[in-house]
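In the block that follows, a single chain appears as structure tokens, in the form predicted alone.
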Amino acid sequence: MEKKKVVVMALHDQLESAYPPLNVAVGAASSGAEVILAFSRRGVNILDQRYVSVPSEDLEYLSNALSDFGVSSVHDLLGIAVEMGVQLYVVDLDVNDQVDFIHPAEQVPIKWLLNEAASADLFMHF
């Protein structure tokens, strides 16, 4: 059976936006797919070692709900993704951006990502 290719892009870093791309990446990797997880300029904060997941306005209850249910943290889930072989990329990061990556991530232009998405079996962005 041919290996499926999944490209997922994280566009935002708010708590409610950080989980979906990570969940999809881990789920796809667990099915044996080749997974590319890319982060936009606003999503790249998820990769920063200093990242603190903060929900958007009016969703403050979400932090407590996730904690009450024992949900893995964003960085724990990212670590699971990396252990499963998910490849991390950062799209069009500015030279002046100061991000201390928690896991290595290759910097690529958006054109590269769009070409990968065009050849993927599934492309999702959150």
Partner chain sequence: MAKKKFVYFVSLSSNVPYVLKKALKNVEEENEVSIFFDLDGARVLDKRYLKIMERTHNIDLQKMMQQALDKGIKFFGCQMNVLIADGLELVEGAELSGVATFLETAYQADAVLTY
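On a predicted model such as this, the values are computed, not experimentally measured, just so you know. Residue numbers count along the first chain shown, from 1.
Although it is not shown, the form predicted together with its partner chain is what the next lines describe.
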(request) Only one of V44, A28, V86, L78 comes within 4.5 Å of its partner chain in the predicted bound form by heavy atoms, so just point that one out. (result) A28
(message) Exactly one residue in V24, V108, A117, A105 has a non-hydrogen atom within 4.5 Å of its partner chain in the predicted bound form; which is it?
(response) V24
(message) My question is simply whether V71 lines the interface with its partner chain in the predicted bound form - judged by any non-hydrogen atom within 4.5 Å.
(response) yes
(request) Flag V52 as yes or no: does it have a non-hydrogen atom within 4.5 angstroms of any non-hydrogen atom of its partner chain in the predicted bound form? (result) no
(request) Although its partner chain is absent from this view, report whether A33 comes within 4.5 Å of it in the predicted bound form, heavy atoms only. (result) yes
(request) Would you please decide whether F101 lies within 4.5 angstroms of its partner chain in the predicted bound form, comparing each non-hydrogen atom pair? (result) no
(message) Just to make sure I understand: among 30 to 64, which residues lie within 4.5 Å of its partner chain in the predicted bound form, judging by heavy atoms?
(response) S31, A33, L59, Y61, L62
